[in-house]
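Okay, here we've got a single chain as structure tokens, the form predicted on its own, with questions on binding and movement later.
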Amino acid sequence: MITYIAKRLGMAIPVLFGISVIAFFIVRWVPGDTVTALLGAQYSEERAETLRARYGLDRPLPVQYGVWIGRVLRGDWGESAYTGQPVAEAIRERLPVTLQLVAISLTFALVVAVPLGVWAALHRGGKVDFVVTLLGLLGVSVPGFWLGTLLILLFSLQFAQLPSGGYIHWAVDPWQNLRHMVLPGLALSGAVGAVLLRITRSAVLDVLHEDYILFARAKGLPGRIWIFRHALRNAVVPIITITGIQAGYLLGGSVVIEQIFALPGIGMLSLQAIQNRDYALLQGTVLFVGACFVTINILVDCLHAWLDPRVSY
């Protein structure tokens, strides 16, 4: 197992290197730069040259990348040119909001998608299967920003039951914190729940005709026993794998939802960095999210290998 983990970590190194290269160079293809955004209407060539020299933007791009990645490897992620706050500190402050949003979204998705997927598999070809499959297609097709806007119109404006945006820290008021996170969690969980629903249905269908399931049913075991103890237990491996992958996508894909609901998370931080052409902050957030995604995939692979004895270390 240790060798397996070491190999997966070794494979992650070139992936992280590629993410760092993309994060560094792609932001510099956008028109304008940090200096232009900082100076605004007070822009002049003399001031711009002074600031570019101060932030090292007058050097060749390969040299800038080498300096930046060297500092990152030493634990220094740089400072935001716009606020002066260290990038690592900014990420650390915003991370709990995004993690809570991802956790709530995954909880909503799993609680709804897994039972519906099992139910649809048990009624394959029937009306239940048709309705559940239709719900899955709708979930994949409906954009998150549209679903979020619809939820605000219904539950905030029409029924006035939940706040339309903003954030209250859980340590200040846990109940209000939960109320503020329900709608964004639902909006973000739509597409994820649809994917998990379809995966659950397919995984359960794959095991329903296995010999051990037929034998359990022939023995007269109650449905709750052979469904949950035998069928779902053996179908859970692909569900866990897809859940981990979706968690990684949610970390980087919460930008629009955080913007709609005014949540101060990683997504909002990335959007502000883009608007301000804040190179250091944007590079840091992209690299951090990429590292989280790679880490989640490694953990899922290790868990997959541990759960499924057919997987060779």
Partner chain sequence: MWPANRSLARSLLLSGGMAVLVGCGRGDDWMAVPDIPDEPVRGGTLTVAIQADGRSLDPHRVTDAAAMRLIENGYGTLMRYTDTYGEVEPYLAKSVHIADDERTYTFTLRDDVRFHSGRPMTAADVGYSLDRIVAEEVRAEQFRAIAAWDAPDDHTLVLKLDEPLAPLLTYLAYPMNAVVDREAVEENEGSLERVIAGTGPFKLREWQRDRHLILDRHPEYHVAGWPRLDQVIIRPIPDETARTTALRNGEIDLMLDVPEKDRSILERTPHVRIADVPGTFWEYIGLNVARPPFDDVRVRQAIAWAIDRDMINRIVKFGRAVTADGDFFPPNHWAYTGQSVYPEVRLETARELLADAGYADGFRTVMRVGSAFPYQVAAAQIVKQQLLAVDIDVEIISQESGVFFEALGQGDFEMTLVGWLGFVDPDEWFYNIFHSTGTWNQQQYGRDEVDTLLAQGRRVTDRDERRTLYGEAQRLILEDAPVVLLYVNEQSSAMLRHVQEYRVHPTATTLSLRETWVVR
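Numbering follows the first chain given and starts at 1. The model shown is predicted, which means the values in this text are computed figures rather than measured ones.
Below, we refer to the form predicted together with its partner chain, which is not included among the displayed structures.
For the options 191, 81, 102, 235, the residue carrying a heavy atom within 4.5 angstroms of its partner chain in the model of the complex is 81. For residue 28, no non-hydrogen atom is located within 4.5 Å of its partner chain in the model of the complex, even though that partner is not displayed. Not displayed here, its partner chain is approached by residue 153 to within 4.5 Å at the level of heavy atoms in the model of the complex.
Taking the partner from the other structure, its partner chain in the model of the complex has no heavy atom within 4.5 Å of any heavy atom of residue 77. Put simply, residue 260 is close to its partner chain in the model of the complex: some heavy atom of it is within 4.5 Å. With the partner left out here, its partner chain still marks one of 130-138, 69-77, 237-245, 164-172 in the model of the complex; by a 4.5 Å heavy atom cut-off that stretch is 164-172. In the model of the complex, 260, 262, 264, 268, 272 are the residues of 260-276 with at least one heavy atom within 4.5 Å of its partner chain, listed from first to last.
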